[in-house]
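So this first bit is one chain, no partners, the form predicted on its own, shown in structure tokens.
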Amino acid sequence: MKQQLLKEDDVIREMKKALAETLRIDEDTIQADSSLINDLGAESLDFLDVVYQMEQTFGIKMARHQVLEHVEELFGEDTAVDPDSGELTPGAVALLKLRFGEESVEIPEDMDMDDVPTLVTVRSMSRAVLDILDTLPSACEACGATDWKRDDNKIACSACDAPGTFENGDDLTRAWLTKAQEEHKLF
């Protein structure tokens, strides 16, 4: 069910707070389309900290693995990254363009897999949070009520206050990849 209680602006605002705290930078310098690495100077450990903060803020579990790791798990080794050059395969490039939106990011045909994290922006990470939040079930698993409320940045049942339950990021990524493969035959 696409929940309506938390919007993209809400998530971006929280993402900016987390990034400002983690990176020790002024929140006003962070834009929605800032690359976490290229524009804000984030490193791999910073990603872990921000993911943890988002999980705590919204009561969700984000993906632990990158999309390309899931590609190779689902469709076979070397389907996303050429083992000799370290470059993305044509299917992986097409997939990332689908994932990030072709108009929002430039992905060169010969992109090295180590450069993929530079594509992550405040907005793309916020959309990953929203994708998880949008898996809110239509009814509360504890009492069956169908009305939800926003309790700060978490979603709870209006009848019994049970927290909303959501799919985890890795399961969502695998499901999206399976659907993308069925529709676009990338690998």
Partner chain sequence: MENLPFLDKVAIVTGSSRGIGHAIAFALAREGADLIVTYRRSGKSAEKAEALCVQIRDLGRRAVAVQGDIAVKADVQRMVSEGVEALGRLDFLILNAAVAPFKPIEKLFEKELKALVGVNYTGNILCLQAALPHLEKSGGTVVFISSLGSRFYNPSYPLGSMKAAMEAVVRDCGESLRDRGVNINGVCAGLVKTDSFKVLRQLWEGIDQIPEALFLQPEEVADVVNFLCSPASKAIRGQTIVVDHGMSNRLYSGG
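Numbering follows the first chain given and starts at 1. The structure displayed is predicted, hence computed values, not measured ones.
Another form, the form predicted together with the partner chain, is not on view; read the next lines as being about it.
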Heavy atoms within 4.5 Å of the partner chain in the predicted complex: which of the stretches 149 to 157, 66 to 74, 27 to 35, 135 to 143 has them? 66 to 74
For the partner chain, considered in the predicted complex: do all three of D10, L95 and E106 come within 4.5 Å of it, counting heavy atoms only? no
For D49, is any heavy atom within 4.5 Å of the partner chain in the predicted complex, or not? yes
Quick one: does K61 come within 4.5 Å of the partner chain in the predicted complex, counting heavy atoms only? yes
How about L45: is it within 4.5 Å of the partner chain in the predicted complex, going by heavy atoms? yes
Counting only non-hydrogen atoms and a 4.5 angstroms cut-off, does D78 reach the partner chain in the predicted complex? yes
